[in-house]
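Quick heads-up: it's one chain on its own, the form predicted on its own, in structure tokens.
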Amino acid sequence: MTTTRTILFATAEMAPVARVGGMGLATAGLVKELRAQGADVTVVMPDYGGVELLDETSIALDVPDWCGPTRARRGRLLGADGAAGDEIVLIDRIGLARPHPYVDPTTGVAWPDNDWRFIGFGAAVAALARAVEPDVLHLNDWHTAAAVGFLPDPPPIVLTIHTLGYQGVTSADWLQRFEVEPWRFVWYDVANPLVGAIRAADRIIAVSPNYATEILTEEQGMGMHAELAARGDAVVGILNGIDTDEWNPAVDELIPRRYAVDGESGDDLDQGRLAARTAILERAGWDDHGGPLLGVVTRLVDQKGVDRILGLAPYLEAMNARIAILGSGTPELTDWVRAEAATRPDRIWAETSSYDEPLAHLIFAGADLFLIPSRFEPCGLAQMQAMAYGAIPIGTPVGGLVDTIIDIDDDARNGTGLLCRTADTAGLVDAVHRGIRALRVSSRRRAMQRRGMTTDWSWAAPAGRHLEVYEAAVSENL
């Protein structure tokens, strides 16, 4: 007999309420599938303002005085059709709502009170956990990690590490505010919310198997490798999925022509992708000279290897290739992307003002090669989205890219894309050359597309693994 578990799922991002990077999509997809598989999941997020809830109720939360007045707004999200959607709890700390979770969108600079906002959010999550007594408290990244410092009698705790690159490090003055075992948060001469949760959680999930191995190394552990290694078998890797209801070219209403890997006409894959390619070229103001179209959908931050992508610019003419870029991020990289697009308007086109969902779908559907040359990539969703649409991914051999991309030159029978031989611009240039050669052999290209498009990238199996982790955490606490 299967036991239905109650999960309090705390996160700073979940689409469509708040989405900055992959975490917003990943949490949405996971929660949707956990519910489909029978888990009773309550999502709790910060209230960033402007979210209307249907059937709303509100309760005051018992939080430390320094948090200020704090309430939990519980209700249902308003669906696209105007009907009541899934239930959610938004933590409203009066006067602390922000239009972006982490940065001032006008400057790209982090909000100066991020520590105050997210450590206080953690305290509110703990207060809610005390009130509802879930079977499992699932924390996501440092923004929720402080909850362990306010739970004297915690439920089983699962922590997902979406990226170690952000840990919430702040002044040691915060240590005196943690009410339970503040020593957990001591990190040299500062306070570190993430390390506190790493030390306290019953189970720690990294978002891909390869990333679970990488974070135990000094090179990729971001200073946390020894702490994570000390947790032993409590650290597991579970590959993220994508929402295959949304990211499916056979039903996608955001692309000009729907298509599948095996259409009734036998050629609707090529026709559907050609329609998307044509739409991209028209938007960029380009004629179609038949050369390869390289796609990029990313945050313009150092992690994503944007400099490596722009390093391709001098080689594009010789390759007869063009790049379509969608992304926003740091002012420095955004300005660099815009400058290269202005310098080479016949080779580089970029939309950098904001994330454009229809354009993202269009690029996945119309690009020949899709670039993800990340410095580190805990999982990555874009390569899975690209393969679902028949675009050939090119990535660096890090994190989840290793778990999802099989290099066609290393394994001709199973290849789905290409992995850079070296993690630099030269490695990317080489991989793009190899990708272009692969595209020229139609049978090879179609075989790669078929493998990528027929792989099950859904959340079904990953959600099942999460349920197993929850059960293990509960069993250890009986």
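Please read these numbers as outputs of a predicted model, since none were measured by experiment. A residue's number is simply how far along the shown sequence it sits, counting from 1.
FYI, the form predicted in complex with a small molecule isn't displayed, but the following is about it.
(request) Let me know the one among R130, R98, R177, R299 whose heavy atoms come within 4.5 Å of the small molecule in the predicted bound form, would you? (result) Comparing distances to the small molecule in the predicted bound form, the residue within 4.5 Å is R299.
(message) If the cut-off is 4.5 angstroms on heavy atoms, which of these, I363, I323, C379, I91, is the one near the small molecule in the predicted bound form?
(response) Only one option qualifies, and that one is C379.
(request) With the small molecule left out here, work out from 48 to 56, 22 to 30, 433 to 441, 35 to 43 which stretch has heavy atoms within 4.5 Å of it in the predicted bound form. (result) Heavy-atom contact with the partner occurs in 22 to 30.
(message) in the predicted bound form, is there a heavy atom of the small molecule that lies within 4.5 Å of any heavy atom of T213, even though the partner is absent here?
(response) T213: no, not in contact with the small molecule in the predicted bound form.
(message) Within 4.5 Å, heavy atoms only: does T163 come near the small molecule in the predicted bound form?
(response) It does: once the small molecule is placed as it appears in the predicted bound form, T163 has a heavy atom within 4.5 Å of it.
(message) Check V148 for me: does it contact the small molecule in the predicted bound form (non-hydrogen atoms, 4.5 angstroms)?
(response) Heavy-atom contact with the small molecule at 4.5 Å: absent for V148.
(request) May I ask you to check whether N114 falls inside a 4.5 Å heavy atom distance of the small molecule in the predicted bound form? (result) No, N114 is distant from the partner.
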